[in-house]
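Below, in structure tokens: the form predicted alone, a single chain.
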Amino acid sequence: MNALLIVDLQNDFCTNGALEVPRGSSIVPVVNKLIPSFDAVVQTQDWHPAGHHSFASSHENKEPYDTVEMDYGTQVLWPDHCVQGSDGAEFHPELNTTKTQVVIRKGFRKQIDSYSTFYENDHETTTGLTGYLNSRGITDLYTVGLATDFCVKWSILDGIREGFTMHIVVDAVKGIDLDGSLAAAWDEMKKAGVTITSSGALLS
């Protein structure tokens, strides 16, 4: 069974958002066209408490996109974004969420960030998604959303490790691209065995 995985298609990652992904809003119509083709739709939602440790504002003399060392490794520091209950944390208003069956909220623990849909950044704390997918008999995840080089990439890599067949819809993702991170992400995903497809191929 196949499912559509919509990663972090939230206001703060879209046009004029606090952590805007260039042209992030442009994929919303593509995602909406794909949704009716899937029996199962899963969404993820970045859901940070105020003062989250991944925010640059939580660290003295640090700016957005600086890095710090956390217990779980190197952490990029971000502008405050997707704060619980804020407009920025809401899904893009034009995204069709009617068919969504489960929302995985991540990053809600103050001291650890969470890029992947499956694990937090310590690569040990699970989100529960694997159990849900297995209980539904879902084997293939078609991944869309934001951002290609962070939450999409880590979701795909962890999904493959968890035994799922991971697909990425190339015209339904957008990246941030920090110092070549976008090209590196594509290389990592290809080496891990992701299947690259397009909305045209899925809808034809």
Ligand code: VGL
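All residue numbers are counted from 1 along the displayed sequence. Computed from a predicted structure; not experimentally measured.
The same protein has a further form, the form predicted together with pyrazine-2-carboxylic acid, not shown here; the description that follows concerns it.
Every residue in Tyr142, Val169 and Ala172 with a non-hydrogen atom within 4.5 Å of pyrazine-2-carboxylic acid in the predicted complex?
Not one of the three qualifies.
Is there a heavy atom of Leu19 no more than 4.5 Å from a heavy atom of pyrazine-2-carboxylic acid in the predicted complex?
Looking in the predicted complex, residue contacts with pyrazine-2-carboxylic acid include Leu19, since a heavy atom lies within 4.5 Å.
Could you confirm whether Tyr119 comes within 4.5 Å of pyrazine-2-carboxylic acid in the predicted complex, counting heavy atoms only?
No.
At 4.5 Å between heavy atoms, is Ile176 in contact with pyrazine-2-carboxylic acid in the predicted complex?
Yes, contact at 4.5 Å.
State yes or no: in the predicted complex, is some non-hydrogen atom of Leu146 no more than 4.5 angstroms from a non-hydrogen atom of pyrazine-2-carboxylic acid?
Looking in the predicted complex, residue contacts with pyrazine-2-carboxylic acid include Leu146, since a heavy atom lies within 4.5 Å.
Counting any heavy atom within 4.5 Å as contact, can you tell me which stretch out of 30-38, 147-155, 56-64, 133-141 lines pyrazine-2-carboxylic acid in the predicted complex?
Flagged stretch: 147-155.
Using a 4.5 Å cut-off on heavy atoms, which residues of 114-129 contact pyrazine-2-carboxylic acid in the predicted complex?
Going through 114-129 in order - heavy atoms within 4.5 Å of pyrazine-2-carboxylic acid in the predicted complex - there is one hit, Tyr115.
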